[in-house]
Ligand SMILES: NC(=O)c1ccc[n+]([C@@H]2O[C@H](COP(=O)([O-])OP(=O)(O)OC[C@H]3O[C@@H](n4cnc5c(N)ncnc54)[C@H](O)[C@@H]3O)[C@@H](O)[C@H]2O)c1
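A single chain comes next, written as structure tokens; it is the form predicted alone.
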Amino acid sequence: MNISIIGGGAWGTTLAQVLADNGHNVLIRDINDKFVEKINNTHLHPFFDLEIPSTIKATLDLSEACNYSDILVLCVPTKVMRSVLHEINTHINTKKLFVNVSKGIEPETSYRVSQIVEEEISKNKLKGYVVLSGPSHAEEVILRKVTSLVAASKSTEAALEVQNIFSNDTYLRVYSSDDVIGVETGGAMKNAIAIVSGVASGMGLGENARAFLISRGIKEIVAIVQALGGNIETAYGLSGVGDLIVTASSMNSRNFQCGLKIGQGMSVAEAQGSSVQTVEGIRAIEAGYEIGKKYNLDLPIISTAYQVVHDKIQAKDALKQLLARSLKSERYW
């Protein structure tokens, strides 16, 4: 089967290897000519300098990639997702299945990617939409280490198709789901708590503090998922708590590293700018804060983090603010 990947960064090219391992033909489209040249001429991963299957090809031409297959895997930052989809819509003339593997919330609108797709892709060009998400560092998947994801769609047929395309018996297992809202929201909001966990580590607060912030952060992720119409089971599954586990304490996590640098004294802008990959967690904090206001949710960790990323308070004062809240019983629902 031919499959197109839009975005040949760390995760996009890694997923290309998964698909090639599974016997599919893959064409990656990226705007970075050095990435494209590296994939085509040296057969090396553009980020990790590891050899990838020579059957993987790359192009700068979006039209070529769009018309290479009927399955388009979206792997671009959410801040540019709308513009990319708008352009894709001008290049396609047949129905496509869109598979989103980016984890984030659109700036300004706080839309999930499925909502952006619905607005930007004409109905007569949209075969279906699937979000593929879960605890998955590209640094491990590229080495073919065991990983599990979840494919969610309103269409059972589409979810099962993606499940089968990406799964193999060696290192990648994919589960199916019909909870698009839950999977998208959990995948985005865990980045917010990963930032907070990184800040705690950067401040030298210790493992006890991080366990406190992560476990109470789970409650806030669940509250947001439910408020938006997702299922609590999804929030506690691979795309929610599962992804949080791998993101909130690993140096492979760009969001954890960003928080770590903030905790060590860097400004938010400096911490974001120091990453060669997109840090979605800052926007997730902002989106979570706005969602909390809209639905009147009690989100003390995200609300406090919002003040930190907008330079209203210092990280050390944020900790005092959280600890000074009125005492209460531990209730998760």
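Numbers follow the displayed sequence, beginning with 1. Predicted, not measured: the structure shown is a model, and the values here were computed from it.
One more form of this protein should be noted, the form predicted in complex with the named molecule, which is absent from this view; the next part is about it.
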*Which of 23-31, 304-312, 261-269, 283-291 lines the interface with the named molecule in the predicted bound form (heavy atom within 4.5 Å)*: 23-31
_So, T234 and the named molecule: in the predicted bound form, are they within 4.5 Å at any heavy atom pair?_
no
*Looking at the partner-bound form in the predicted bound form, is R210 within 4.5 Å of the named molecule by any heavy atom?*
no
*Would L97 show up as a contact with the named molecule in the predicted bound form if we use heavy atoms at 4.5 Å?*
no
*Quick one: does A10 come within 4.5 Å of the named molecule in the predicted bound form, counting heavy atoms only?*
yes
*the named molecule isn't shown here, but in the predicted bound form which of V76, V174, A200, I165 has a heavy atom within 4.5 Å of it?*
V76
*Of I224, V101, L238, A151, which one comes within 4.5 Å of the named molecule in the predicted bound form, counting heavy atoms only?*
V101
*Can you name the residues of 134-149 that have a non-hydrogen atom within 4.5 angstroms of the named molecule in the predicted bound form?*
S136, H137, A138, E139
